[in-house]
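Coming up is one lone chain in structure tokens, specifically the form predicted alone.
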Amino acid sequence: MELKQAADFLDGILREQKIEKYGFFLNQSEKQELNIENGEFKLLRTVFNNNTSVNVFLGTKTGSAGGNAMTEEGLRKVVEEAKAAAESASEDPCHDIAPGQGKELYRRGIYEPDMEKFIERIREFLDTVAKEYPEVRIMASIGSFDRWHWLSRNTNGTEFEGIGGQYHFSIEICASDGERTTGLDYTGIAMKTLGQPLIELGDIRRHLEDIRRSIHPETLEGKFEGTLILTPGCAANFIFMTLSNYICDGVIINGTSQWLDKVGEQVADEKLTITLDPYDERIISGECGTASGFRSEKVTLIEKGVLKTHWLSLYGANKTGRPVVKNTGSDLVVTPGDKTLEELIASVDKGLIIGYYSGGQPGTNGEFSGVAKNSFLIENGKIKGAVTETMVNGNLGEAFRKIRGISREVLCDGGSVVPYIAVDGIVISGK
């Protein structure tokens, strides 16, 4: 079915079932995908996909179900499964949908691609890497154009509709000098125009530089307390770990958050401001509406180190009596600092630049321990070289209270805007 036809049909089924309170989300998407292996174009395909999710309420019980068949039979099945889930659920009056938000149409990115230009840009990228980075091997690469059309409704009168599309380019790389080969590294970028060479977008060039410098890593000896410079991708990972650990539904509902009563107080260095902003022009497909039916808003979670709000869904807000945050997306924007990356590096006596962190979920107190990957040793303000078998340990809350500096440079990958962040007091250990 066409999207609005499916939505009207789904409304009819739910009314037939005498379900007086519900919300649903329908999405139709198309992906035109180019696959490149070892520098050669291997596959061009177009993939179509449909998705349906329905949330129904039976008194104070709620149930959800989803499917991918946007047919009469498929939609009936999803409703039956959602109703059955609600019937077997526990009573909980805190589950709800947002008050009516009216109707709105959202347009994001672009809707019609220029695939010939995209292929030209990919060929240009492959040629540039071969010329400038002969040690780097592009093991696999995917270029795609993703187009979407979605619609959400609920019984409070809200109807949001979204139309848009974006280009996406990703690479899987390693490097070799003929004797030694690095491990794999990955990066990607979403974009709505093809005005710049792909190698200059996001952090693609940095990954190429770093993988080339990682052919002969050294094993770090001993243990020391030093500075960790988080690359933008790693900084985003640490930020989301911190938010999850201190201000999200679970830890606020069960009362285990270290920041449970810290709203309005200083919880981080004053250099740190963290915002969720789906309307930032650098973010292509920012969230338009939340799962509970609110129109998504720009929300500042931490401003100059001060906690402005907990990050609660409608359920979490109803459960705790605290304010709901009308943004559940990953459209992260971190305010840049006043130092260049070179100045940050020059200020470090001993530490690491870390590309990836591999570790488990931190404890409720924020303690973390994991492996630093794609990382480089810094001594006396200079990058010494790649390191391997290196562990980093610390506390999330303490780390963001001990920010040495934040870079002016930011990574814009189409989904977030994040600078480099240098934090002190991290235990770095090798063999």
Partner chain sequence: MLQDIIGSKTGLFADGVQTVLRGHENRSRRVVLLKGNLVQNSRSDSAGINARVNNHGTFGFASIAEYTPEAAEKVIRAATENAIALGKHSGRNLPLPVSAGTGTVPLNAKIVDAEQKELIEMCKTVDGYIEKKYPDLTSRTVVYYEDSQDRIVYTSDAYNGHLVTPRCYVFVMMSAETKDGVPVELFKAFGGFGSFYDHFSDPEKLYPGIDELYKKLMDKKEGVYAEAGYKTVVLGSMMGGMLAHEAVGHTVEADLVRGGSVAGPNLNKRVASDLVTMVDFAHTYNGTPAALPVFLDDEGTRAEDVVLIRDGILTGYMNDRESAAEYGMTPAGNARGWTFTDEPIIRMRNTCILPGKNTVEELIASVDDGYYLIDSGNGQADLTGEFMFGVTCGYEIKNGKLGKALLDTTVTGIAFEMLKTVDMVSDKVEWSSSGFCGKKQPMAVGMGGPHMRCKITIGGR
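Positions refer to the first chain, counted from 1. The structure presented is a predicted model; accordingly, all values stated were derived computationally and were not measured.
Separately, the form predicted together with its partner chain exists; it is not shown, and the next lines address it.
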May I ask whether S90, K319 and G370 all come within 4.5 angstroms of its partner chain in the predicted complex, judged by heavy atoms?
-> yes
Just to confirm, L184 within 4.5 Å of its partner chain in the predicted complex by heavy atoms?
-> yes
With the partner left out of view, is E379 within 4.5 angstroms of its partner chain in the predicted complex by any non-hydrogen atom?
-> no
State yes or no: in the predicted complex, is some non-hydrogen atom of G405 no more than 4.5 angstroms from a non-hydrogen atom of its partner chain?
-> no
Is there any non-hydrogen atom of E116 lying within 4.5 Å of its partner chain in the predicted complex?
-> yes
Would you mind picking out the stretch of 81-89, 345-353, 322-330, 280-288 that comes within 4.5 angstroms of its partner chain in the predicted complex, counting non-hydrogen atoms?
-> 81-89
Only one of H168, K304, R137, R206 comes within 4.5 Å of its partner chain in the predicted complex by heavy atoms, so just point that one out.
-> R137
Taking its partner chain in the predicted complex as the reference, which of G100, P197, G359, P336 has a non-hydrogen atom within 4.5 Å?
-> G359
Residues in 3-37 close to its partner chain in the predicted complex, defined by a heavy atom within 4.5 Å, in order | E33, L34, N35, E37
